[in-house]
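Just the one chain here, the form predicted alone, laid out as structure tokens.
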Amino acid sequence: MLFLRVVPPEVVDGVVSGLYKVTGSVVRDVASGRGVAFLQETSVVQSLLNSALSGVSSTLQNGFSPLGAIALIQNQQIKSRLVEVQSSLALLQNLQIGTLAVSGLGLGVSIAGFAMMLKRLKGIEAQLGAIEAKIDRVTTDRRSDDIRMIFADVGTQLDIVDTLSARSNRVSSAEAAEHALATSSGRLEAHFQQKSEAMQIGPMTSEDMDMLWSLAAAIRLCHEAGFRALYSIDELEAAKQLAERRAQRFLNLSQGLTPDSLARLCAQSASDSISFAEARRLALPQAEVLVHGLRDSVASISSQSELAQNLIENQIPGPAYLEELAGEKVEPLLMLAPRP
């Protein structure tokens, strides 16, 4: 490996001991805030996570909501599948289920292939369909049609991004794909904001929170594919600036949402104080998964800006970085050292 290397024991030990903290994809010295390493997931970890979370689909078929199903999966169950492959994944000891729910690990640049990205997109689309089947069709039909059109556009762009290396017009294709994905992301953000504002008026249900989770996951999928397109044509400065802006936009989407306020809105229709307290208690875990997932995703997006800056400073071309990642077939997690 030219740029990336296996995470050394001293970094793992530093995280385990509390000397370092993982924020997004950056390992930071707790005392100084200095970045000591950038973590980068590979296609190996994508496959493992896909396998570890495969039980969610069967749980959904039994009537559980997406967030409710994911909340049932214990952190250790997922991490144990990963630790089987590499001990350095102890770095993920504080991994939150909410982060997985919205955006997978979100460490570095995604190199998931078209089939896996499309599977995620189709899974989100299916979840939205199941959610909206439980909601009043009069108010959702028009929104559902627009979201389905957005997803169709995203699927087309995922195919283009995955085949960029084989295209003679790579630059123009990548720029067009990134622009289309950014447009789709913006449209999904509008749906998210509209749904969020309606929820905060109340009353709301668990299906409403599931809707926000699904929209957030789709937005992050657009982000991942867009960054991949920019890296493929070495537009690292653009990737850096977009990551900064998207982190702020994602933060704006999550502002005003707290686990307690969402749980209270879910309990709003309770007939008495005892029923209210019980309904709030039942809704709180799902609300925590959603809100923590959104906020952790902000850190993940922000760290992508730092990663792009580090590649620029170390004069590492985006295409070469992707090529090295694509060639990794054993290690699920690698490390990029910051500039000395």
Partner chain sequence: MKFQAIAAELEFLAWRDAQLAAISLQLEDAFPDLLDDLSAQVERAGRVDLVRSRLTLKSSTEAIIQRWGVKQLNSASSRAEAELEDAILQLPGGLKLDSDIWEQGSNVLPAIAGVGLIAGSVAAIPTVISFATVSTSFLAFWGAATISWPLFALGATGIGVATFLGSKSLKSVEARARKSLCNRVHREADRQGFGIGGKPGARCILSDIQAAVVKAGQNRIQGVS
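We call the rigid core the largest set of C-alpha positions that still match within 1.5 Å between the two forms. Quick caveat, the model's predicted, so the values are computed rather than measured. Positions refer to the first chain, counted from 1.
There is also a form predicted together with the partner chain; it is not shown, and the following applies to it.
Note on the partner interface in the predicted bound form: the residue among A247, I150, A217, V161 having a heavy atom within 4.5 angstroms of the partner chain is A247.
Checked against the partner chain in the predicted bound form, the residues H179, R167, R264, K119 give one hit for a heavy atom within 4.5 Å, which is R264. Only one of 207-215, 181-189, 151-159, 253-261 lies within 4.5 Å of the partner chain in the predicted bound form by heavy atoms, and it is 253-261. Contact check for S302: a heavy atom falls within 4.5 Å of the partner chain in the predicted bound form. Contact annotation for V171: none of its heavy atoms lies within 4.5 Å of the partner chain in the predicted bound form. Under a 4.5 angstroms non-hydrogen atom cutoff, the partner chain in the predicted bound form has V298 among its neighbouring residues. The partner chain in the predicted bound form is not approached by Q194, whose heavy atoms all lie more than 4.5 angstroms from it.
Looking at 267-306, the residues that come within 4.5 Å of the partner chain in the predicted bound form, counting any heavy atom, are Q268, A270, S271, D272, S273, F276, A277, R280, R281, V291, R295, V298, A299, S302, E306. Residue displacement note: E313 has its CA displaced by under 2 Å between this form and the one not shown (rigid core superposed). Once both forms are fitted on their core, the CA shift for S32 between this form and the one not shown remains under 2 Å.
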